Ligand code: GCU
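Given as structure tokens, the chain that follows is alone and in the form predicted alone.
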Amino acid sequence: MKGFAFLFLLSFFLAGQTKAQREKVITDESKVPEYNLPDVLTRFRGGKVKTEKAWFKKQRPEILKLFTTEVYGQVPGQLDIAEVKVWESSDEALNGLARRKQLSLFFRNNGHNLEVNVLMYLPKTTEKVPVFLAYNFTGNHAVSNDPAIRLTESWVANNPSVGIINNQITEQSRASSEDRWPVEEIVKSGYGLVTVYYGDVDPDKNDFSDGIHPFFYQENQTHPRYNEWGSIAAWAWGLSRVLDYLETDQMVDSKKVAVLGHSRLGKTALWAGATDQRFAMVVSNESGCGGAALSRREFGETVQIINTSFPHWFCDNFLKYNDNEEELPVDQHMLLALIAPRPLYVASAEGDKWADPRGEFLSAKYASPVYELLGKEGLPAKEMPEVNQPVMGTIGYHIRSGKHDLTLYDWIQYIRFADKFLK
């Protein structure tokens, strides 16, 4: 308990440092510190990884273990879906363009009950279809103006401008995020969209008394242990449980599920893809620090800032690397490498310096040797591409004009990329 108490007090102390840290944020490339990046194909005990067997049997498990214990935290047990309840389905959704299905996955343990609501839009075909699986930020009802979508009853962060008051949504919240979800374009391209409100799995607040975490607590436990999962790992766990369900759905090709996420949910998609190799493709949209961006660059959001602002996202061990990135045994290019040889797309935005676009590009570049070792192309770019000029090998990358967001431009690239690998 002494170690936990120290980390707790350190976290409390740093809570007052956010403003000062933000004032020192690096947004100028000339101010990026010199750093030494661990080579993804060099063993931690020395020696080079030269074969596919050595990667999968030795190097990959060691990298995965370090990310688990030092960054995201381990899942403290196993829990399967207890019940599936289909609320409604229609073959005439989106004015007859698509099938819609709404269902809940129930989880039960230790006297707790959790309901995770799933919304699906699928092309109308007799064949199983590939799908994009992605969390949304404020509820399934926010992705479309479809009045049949059930309103979430879960806790949601307040936002009166879109009708979220006292942490509850209202009818005004419908379609409030539809610009991020071009459902008709996705379906017309031959893909399904499966989406879930991430707060169903774990509410996004520094409180481990609700969501999935208490399902695994031992007697008198109220907080994950120092090496156990934070919220990002919990959300990633939830994506894998949705995939469990999709493996049983006769309308979905469960071997062609692309997991996608934006911002903190981009971090989540990457960790889900790293920990669950059933995901056929992984998409990180502006995931930044703790996602695709290299931590050692200290550009934009840093480890200390993210741990201070969002102390519940990562495991408590990650606090050791606040303003101490050089001591991290891994960096984010190694996270991307864990997805190899599956297709991976990393995207940035020109106006999103907080997420360090160059650091995201470099991370993809330095993950490429693993793809090449496994017989894949990797990222086909030595230098960062121009704005709105995507590059696509088995690793894809673009930086688009605009700000931190998930846009139609992004989706068009992800669909093009999926066409190469999922059709």
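Residues carry their position along the shown sequence, with the first being 1. Keep in mind the model is a prediction, meaning the values are calculated, not measured.
Keep in mind that the form predicted in complex with this ligand is missing from the display, and what follows is about it.
Peer 1: If contact means any heavy atom within 4.5 Å, which of 307-315, 332-340, 166-174, 128-136 contacts this ligand in the predicted complex?
Peer 2: Heavy-atom contact with the partner occurs in 307-315.
Peer 1: Does at least one non-hydrogen atom of R264 fall within 4.5 angstroms of this ligand in the predicted complex?
Peer 2: Yes.
Peer 1: Can W354 be called a contact residue for this ligand in the predicted complex at 4.5 Å between heavy atoms?
Peer 2: Heavy-atom contact with this ligand at 4.5 Å: present for W354.
Peer 1: Would E301 count as a contact of this ligand in the predicted complex, using a 4.5 angstroms cut-off between non-hydrogen atoms?
Peer 2: Although this ligand is absent here, E301 would touch it in the predicted complex, with heavy atoms inside 4.5 Å.
Peer 1: With a cut-off of 4.5 Å between heavy atoms, is S287 one of the residues that contacts this ligand in the predicted complex?
Peer 2: So S287 counts as contacting this ligand.
Peer 1: Sequence order please: the residues of 385-423 with a heavy atom within 4.5 Å of this ligand in the predicted complex.
Peer 2: The stretch 385-423, when checked against this ligand in the predicted complex, contributes only H404 at the 4.5 Å heavy-atom cut-off.
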